[in-house]
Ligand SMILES: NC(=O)c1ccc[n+]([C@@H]2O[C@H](COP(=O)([O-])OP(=O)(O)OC[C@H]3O[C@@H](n4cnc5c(N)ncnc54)[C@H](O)[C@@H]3O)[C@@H](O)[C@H]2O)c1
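Shown here is one chain on its own, the form predicted alone, set out as structure tokens.
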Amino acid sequence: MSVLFAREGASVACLDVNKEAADDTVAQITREGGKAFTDVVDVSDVAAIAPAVERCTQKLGGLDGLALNVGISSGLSLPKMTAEAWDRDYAVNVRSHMLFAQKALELMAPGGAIILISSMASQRAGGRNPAYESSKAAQIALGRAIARAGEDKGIRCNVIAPGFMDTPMGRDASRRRSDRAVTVPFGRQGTGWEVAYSALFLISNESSYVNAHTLFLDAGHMGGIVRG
């Protein structure tokens, strides 16, 4: 997303708990002639989020878009779930998004846009991963709430819910469940670029009348398109 947004002319603040990972993204953007910088923040730290948004907004010279692409999964089934693991997943997957959006709505220019990344897991229990599944469902409801709160300033909020994706988290899930993507449509998992192009549309003015919407980016899996 960061690379694609920069290619389209955006100045990008890359926030991550892992400075090296963010620096790698910034380096790729700057090699292509784009503008980006790194900011390190632990989104599970309540006190760190609002200052990070303020910092980045000041350095960017304003804020007109926010893409929240952060999530974790304990991978614990309900019988093995602990209160600590549950709260950790929710702190990162839901609470941080609320706090980012809360501050962004205060600082964002009218007509801006916010994107949340949920998951097809929000609609199904196939992963036996209740903290992840329920927190991803909560993100969809939160997206609607953010859209409602942003209406006065014309700030939109939409949610992308990817299906089976070839990402580090997806690979971890496949290691836990070897049959995870057996029925995936088209015989392959989706890519980060396919999510990024959808995000580009939703964060741009081209989607100016798309709001409080959840896009299931799953190759039709939720609609019954499965590989036999």
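So that there is no doubt, residue numbering starts at 1 and follows the sequence shown. For clarity, every value in this text was computed on a predicted model and none was experimentally measured.
Although not depicted, the form predicted together with the ligand is the subject of the following passage.
Among the residues R88, R128, K103, R144, the one placing a heavy atom within 4.5 Å of the ligand in the predicted complex is R88. Shown without its partner, this chain lists L202, V43, A181, V53 as candidates; in the predicted complex, only V43 has a non-hydrogen atom within 4.5 angstroms of the ligand. The ligand is not drawn, but in the predicted complex it has a heavy atom within 4.5 Å of N69. The ligand is not drawn, but in the predicted complex it has a heavy atom within 4.5 Å of M165. Using a 4.5 angstroms limit between non-hydrogen atoms, M81 is distant from the ligand in the predicted complex.
Mapping the unseen interface onto this chain, D218 falls outside it, with no heavy atom inside 4.5 Å of the ligand in the predicted complex. Contacts of stretch 1 to 20 with the ligand in the predicted complex, defined by any heavy atom lying within 4.5 Å, are made by D16, V17, N18, listed in sequence order.
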